[in-house]
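Let's start with one chain on its own, the form predicted on its own, as structure tokens.
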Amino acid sequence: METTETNNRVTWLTKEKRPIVIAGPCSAESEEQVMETAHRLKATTKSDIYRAGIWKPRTSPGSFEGVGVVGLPWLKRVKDETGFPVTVEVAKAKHVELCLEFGIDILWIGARTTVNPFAVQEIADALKGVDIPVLVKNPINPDLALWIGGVERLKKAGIKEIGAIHRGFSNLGEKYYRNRPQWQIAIDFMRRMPDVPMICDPSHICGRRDILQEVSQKAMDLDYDGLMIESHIDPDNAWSDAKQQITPEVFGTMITEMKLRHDYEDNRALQSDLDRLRAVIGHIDDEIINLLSNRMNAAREIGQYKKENNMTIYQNKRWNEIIDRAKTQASKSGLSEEFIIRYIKAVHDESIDQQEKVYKE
């Protein structure tokens, strides 16, 4: 396992070590299951850190909510027998206290906890004066400020080694993913906090095994720093999230087949060629902005006409016509329907704002 020594302490969350690979079962179910999973993962040589859920915040109260503190000694045994550093999800100060007592190496804050600043602050307060890495999953809802705020609370508590986990966002009516990735939010996070390693959790994004490789590869192509993948010795009979877990052997093959690309930002020749290609996009973007400006001028003229004739700004029939036309054009142009609807909605919202300004004049 590659690690970095910093001031005589070992760090596992370093951007120089790419990819950082975290694997293990969604839930610790028994000592035998935890240990067999760990040894089989170790045999693949593809994992750096072992994960297991001890406390499981579930949507329904009747669901399996984890074995609790009895599972912590099992993870200590994993460390002793395999050398894996181990990581556990914490949701409150008591969890932190117990993890520190049993020598857990890395903590992570789950999506249901990140969404609550009071809970994150409680964890941050419990970690003051403690030298331990912490990972922060994105909140369930697509709120970049809330995600960054969780990291900032930990930084203010003195935590030096912090990473982020992108596990996707809940979206009503989603059919393909369990949690829609909304990659741009994670990319915005990386732009705002470039020193914080970004780990992708494809298991929770996908919610199913068949697209794990595809999503994992995309994360690597987007220059993520690592992956957190759920692995179980008997996935179909797992006590939680059975559909998204894979065996250690399938995990090992998946990581082996991963294509690891690099940004090569220091390679002047490559960057020069890339800059020439990007210049074309820059010119097109300028044209798009000019066209949008012209469109808003037309929208303001329409707003003036509606105002003079005492008409509502929003007209449902017209909006449906715009959507239908955009879908048809998207299909002809090779663009995804999802993208064009997002784009047209954004343009429509801005048009309404422009017309509202006309109404207020």
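Values in this document were obtained by computation on a predicted structure and should not be read as measured data. In this text, residue numbers run from 1 along the sequence as written.
One more form of this protein, predicted in complex with a small molecule, exists but is not displayed; see below.
The candidate spot formed by R112, H204 and E230 lies fully in contact with the small molecule in the model of the complex, as each residue has a heavy atom within 4.5 Å of it. Although the partner is absent from this view, H95 stays clear of the small molecule in the model of the complex, with no non-hydrogen atom inside 4.5 angstroms. Although the partner is absent here, C26 sits close enough that one of its heavy atoms falls within 4.5 Å of the small molecule in the model of the complex. Although the partner is absent here, D225 is not a contact residue: none of its heavy atoms lies within 4.5 angstroms of the small molecule in the model of the complex.
Not displayed here, the small molecule is approached by W108 to within 4.5 Å at the level of heavy atoms in the model of the complex. Listed stretches are 332-340, 315-323, 49-57, 64-72; the contact stretch with the small molecule in the model of the complex is 49-57, by a heavy atom cutoff of 4.5 Å.
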